[in-house]
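What follows is a single chain, given as structure tokens, in the form predicted on its own.
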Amino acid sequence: MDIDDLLAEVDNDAVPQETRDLQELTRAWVAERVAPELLPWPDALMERVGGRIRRQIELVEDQTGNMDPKTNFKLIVIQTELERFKFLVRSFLRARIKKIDTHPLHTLSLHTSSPTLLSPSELQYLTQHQALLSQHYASSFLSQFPAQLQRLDDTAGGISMVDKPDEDAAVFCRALRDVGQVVVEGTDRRFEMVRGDVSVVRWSAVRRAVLGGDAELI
């Protein structure tokens, strides 16, 4: 199976919804682990995946204890699929939480301007975690500084104290559709990305294509 077959399979409407959800979850997991910055929360996908996991858990609990060999084999298959989904979801969430912990103030600022960045649970975690950190820093050493030096998001002197991810980090990117010309800012590098192309390029140069669904990270 070549790249054209794989790309065609992604767009094939004949593929069952649960299979498309697994493909989409896998791609979201890879993208979140590869992208240097936090990607928007896939609300619809995670809602479907969460519902599927709950239904499978209920089915396993209801059928546990049934001595029918066919039922037992079916449960083994269901549990195997369930563990695969659970692994992807856990790893996906860990990757997001790591980015939230690394750049909390930057993430909170982005979510303010783009409310789809975080899930409600992630926003609650970030808000409470940052509040605890601020209280700890204040009681440990910030309270001893002058008031104008106690801010954690100070931008005085043109220097920001807010850590940001490296948007120029290199990523592997595959074009799902014809992207067109890609311009690498700060350089004279320009190139065409057509369907099926795999490139190593700065994240900032392909961010729009990835978020728009025209390309994916690998």
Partner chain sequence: MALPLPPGLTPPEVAFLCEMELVTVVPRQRLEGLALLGGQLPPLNPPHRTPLPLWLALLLKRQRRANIVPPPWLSPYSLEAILDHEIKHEDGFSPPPRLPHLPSNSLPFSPPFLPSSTADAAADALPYHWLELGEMLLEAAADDFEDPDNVRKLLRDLREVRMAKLRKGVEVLHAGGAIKMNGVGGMEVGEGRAFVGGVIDGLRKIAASREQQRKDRDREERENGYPGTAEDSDDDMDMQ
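Numbering follows the first chain given and starts at 1. This structure is a prediction, so every number in the text was calculated from the model and none was measured.
A second form of this protein, the form predicted in complex with its partner chain, is not displayed here; the remarks below concern that form.
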Report yes if any heavy atom of Leu22 sits within 4.5 Å of a heavy atom of its partner chain in the model of the complex; otherwise report no.
yes
Would Phe87 count as touching its partner chain in the model of the complex under a 4.5 Å heavy atom rule?
yes
Give a yes/no on whether Trp41 approaches its partner chain to within 4.5 Å in the model of the complex, heavy atoms considered.
no
Ile53: touches its partner chain in the model of the complex, heavy atom cutoff 4.5 angstroms:
yes
Is every one of Leu133, Tyr137 and Leu152 within 4.5 Å of its partner chain in the model of the complex, counting heavy atoms?
no
Using a 4.5 Å cut-off on heavy atoms, what residues in 81-96 are near its partner chain in the model of the complex?
Glu81, Leu82, Arg84, Phe85, Phe87, Leu88, Ser91, Arg94, Ala95
